[in-house]
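In structure tokens, one chain follows: the form predicted alone.
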């Protein structure tokens, strides 16, 4: 059996985009077997062997050991209609069917939008609001310290202030982007009977990510070199992010294997991944500095 991994990047509520990509892969002979954070695994099969359908279960979690009652009931209902669950990814449930004329799982668009909204609130909105609050508090603290100490404007202060503004605006765009799609979908259901396309939201998200990436490169490379400084901060940050993702994936699986409750697994994964990523990054960065590949911070 030939397996292949493809990079899959999508908005949590872009179910049409996911189904379109899976259909394209199926037409090429690649059938989905597993969905992950970045890479999705496919196996080689017959062309157009399956059609795929995406639905949402707000109570589902990647930290859970077993399926929720909602998932099990949904599996039974879908099985009666010929739909078999391929895999789950966070709140998303992906089903396949060999019948090209099979009735879609969700026929009530209003109910589907309600389930998407409940899932996205936990998946996207809650973390986004936490980050917005965090960046806002940091920004207020930086401004307060600047005026309290009556400092002169320095390049370092300007960089910190600009970074906080950029990240705050970026997360705000994520939240606004979703709500625009959500209210357009409600209006579309009332008139056309189906959810609004997420193509526009996906374009906004892509532009947002590109602009943030360009800013990080400009800040870490161009500005640093222009002022005679190094870009060790960017290297350290990239290493920390990579290690956090790796540790989180391993610890999450360990928690599920041991059988920890969902909340315990979530808190333990976030805390331990953060600690280990900082420790591992500091260790790797220290080796690079000791070897002379990087100057110190």
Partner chain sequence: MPREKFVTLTEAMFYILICLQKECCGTDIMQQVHDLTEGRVRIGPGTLYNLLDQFLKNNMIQETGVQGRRKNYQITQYGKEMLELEYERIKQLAKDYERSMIQ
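Positions refer to the first chain, counted from 1. As the structure is a computational prediction, the values presented were derived from the model and not from experiment.
The same protein also has a form predicted together with the partner chain, omitted here; what follows describes it.
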Report task. Look at the stretches 111 to 119, 177 to 185, 138 to 146, 159 to 167 and give the one with heavy atoms within 4.5 Å of the partner chain in the predicted complex. Result -> 111 to 119
Query raised in the report: Taking heavy atoms and a 4.5 Å cut-off, does residue 73 contact the partner chain in the predicted complex?
Result: yes
Report task. With heavy atoms only and a cut-off of 4.5 Å, decide whether residue 86 touches the partner chain in the predicted complex. Result -> no
Query raised in the report: Is there any non-hydrogen atom of residue 78 lying within 4.5 Å of the partner chain in the predicted complex?
Result: yes
Query raised in the report: Would residue 127 count as touching the partner chain in the predicted complex under a 4.5 Å heavy atom rule?
Result: no
Report summary line: Answer key, the partner chain contact in the predicted complex at 4.5 Å (heavy atoms) among 131, 105, 211, 217: the residue is 105
**Report entry** Residues in 239 to 256 close to the partner chain in the predicted complex, defined by a heavy atom within 4.5 Å, in order
**Finding:** none
